[in-house]
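Two forms, one chain: they're shown below as structure tokens, one block per form, named structure 1 and structure 2.
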Structure 1
């Protein structure tokens, strides 16, 4: 089939919305319409609930949905990372079982990668998966797992071969978290939120058909997940003002977001809330201080450069190009922007930036920024990891000496 033009796509989606969009529909019924039509994830293949459109035309679909206020698929959460990974590595059974329910948001997901002794050194995972002839038996512990407390499924990286080098002894699974042998314990953060969890596995079971790709190829599959994660690692967008939206779909969407997106509500604060800086400077009078103005100018320059890098990555994605260095560059830039924003907010607000509660600046938002920003340098791969990736894969510098080669069981670890 010849590629559709932007005008043809715009006309087609506009016609479909006119015939199908109704804000009084149940949200699940509407999401099933999106799955059936392919307009929910239009860049996915047609055989897997998409339209086969090039990524560059997704923007057109989003604009037409926004024009009539139509609700799309749930964009946040780990489900989209699981879907992207399954589209590249999953079996036909896995795509058939999981992709549609990711679009409809009937299943929620989490990512079971990091462990107490292997966070940045992800390939050092020691959670083990042993095949007993019928199922894979999982034992071990994961940590920093967002949304595990309400997730139905998790993408799990576990060690299946202790005699292989550490990157080659890992396998990638889908695991049902609502089974005996899985215990989830929330972790309280210093900003007061409890987005993360510890997850303990004691003889939990994974059927063989839930193995993604092949035994021992888990690292390559995990790299796919991480590449997509880094595209969004600069945090969710700051809250936007929307007009009144009435109808059953909107009511149910708000209830969905209150649950599924609850763990992410502090993410704009961890990104530094650059959007509040000028407004805060004006309302406090700090914009009259030349030293503060200079720091604001530095921050805005850095933020704009990071935005352009992000736009370049999105433009490449829309053209169907594989992800380049922009993922790691953007992730590292986000850390610098967040830390710079925290410093500027402190300059503007002074000692009151440490106050929380109703009588504190912005009802405690400024204080929440200061205690949340450190997370952006850790989540999705630490700054040190991003620098290594950029040095070795982009600048082609020599790799650091390694002391963890050979069979994993002989490698010293925490």
Structure 2
């Protein structure tokens, strides 16, 4: 397959949209077209609902979709991470069974990695999987699991060997959450929402064909998922959609957003809502205060710099260059942006930052920013873990001494 140029891709997607995009289609029918044509996930391989485009050109496709107001695949959500992982490590059976329904959003997913005893140190998982001759039997507990309350499937990291060293005794499974052995209890967050959950397994069953990769190779598979998660965290928003949003498909999409995407409705606030800062400064008169002006300028500089850094990473990828350090910084940069934004919103809002809900400016949005931002530097790998990764993988600094070698059974844990 030869390299397509940006202009050729643009041309192709435009032509296809012209022939196929119809805002009056049912959402599911449209998403099936996306799966068949490969335009929903253009960087996926051709044999699996994609078009084999270099990841750097995905943006071009997104821009063309936005230009005509076309709906794409579900943008957020864990399904994408699961899919990226299955594309790399999954069996034929698994790809056939799961990938298409991730594109169409008929199935939603969650990520069952963190446990009460192991978050940053995911490889310390103690949820167990034992084979009974027919099925894997799962016992244990996961926590902070976003979307588990509506997800059909989860990607599960569980221990299958207690005598092997920590990272070698794990296996990676797909688990059907709609079964008696699984209990999901929503967890209320400090911002009042409950988008994550506790998940309890009591003799839950996983058929052997749901094991991803080999027994004992779970850590390698999880690393793939995490690498994709970091990459998605570069803070680049989708291009803004143009055109009037009328038609059946938009109604169905709104319904989807209200249910499947409900857990994520505070995510823009947790990113800091930099877009509101200047408006807010004008409406409060804080834009007259030289001290606030300085802080706004610093924040806007940081936000722009973070965006341009992500774009540099994508442009290098598009040119087929080896990834530079800029490709690993997105998540840490996004944390800084969010935290600075919360500070500047407070500075602008003044004493009214004491209020919440409808008593707070912008009907609670400002308050929601202030109580949501602390999640950014924790979810998906803390800032400290990001710094470890940057220091060890990008700057190639020596690793720290370890205290968790030998059989996992003997490793100190919570």
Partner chain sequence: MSGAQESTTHPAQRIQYAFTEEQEQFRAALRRFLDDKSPPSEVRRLMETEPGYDPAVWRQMSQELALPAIHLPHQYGGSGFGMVELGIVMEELGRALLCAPYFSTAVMAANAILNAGSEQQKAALLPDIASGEHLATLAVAELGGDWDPHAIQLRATPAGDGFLLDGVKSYVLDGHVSDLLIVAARTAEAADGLGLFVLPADTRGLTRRLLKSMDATRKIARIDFKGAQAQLLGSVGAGANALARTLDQAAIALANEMVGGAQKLLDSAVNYAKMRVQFGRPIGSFQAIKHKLADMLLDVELARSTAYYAAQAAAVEDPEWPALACMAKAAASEAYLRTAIDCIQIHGGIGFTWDNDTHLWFKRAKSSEVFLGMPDYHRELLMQRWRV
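Note that the rigid core is defined as the largest set of C-alphas that superpose within 1.5 Å between two forms. Residue numbers count along the first chain shown, from 1. Remember, it's a predicted structure, so these values are computed and weren't measured experimentally.
Each structure shows the same chain on its own, and structure 2 is the form predicted in complex with its partner chain.
Relative to the superposed rigid core, residue 64 undergoes a CA displacement of at least 2 Å between the two structures.
With the core held fixed, the Cα of residue 11 is displaced between the two structures by 2 Å or more. Core-superposed comparison between the two structures: the CA of residue 374 stays below a 2 Å shift. Core superposition gives residue 25 a CA displacement of 2.5 Å between the two structures.
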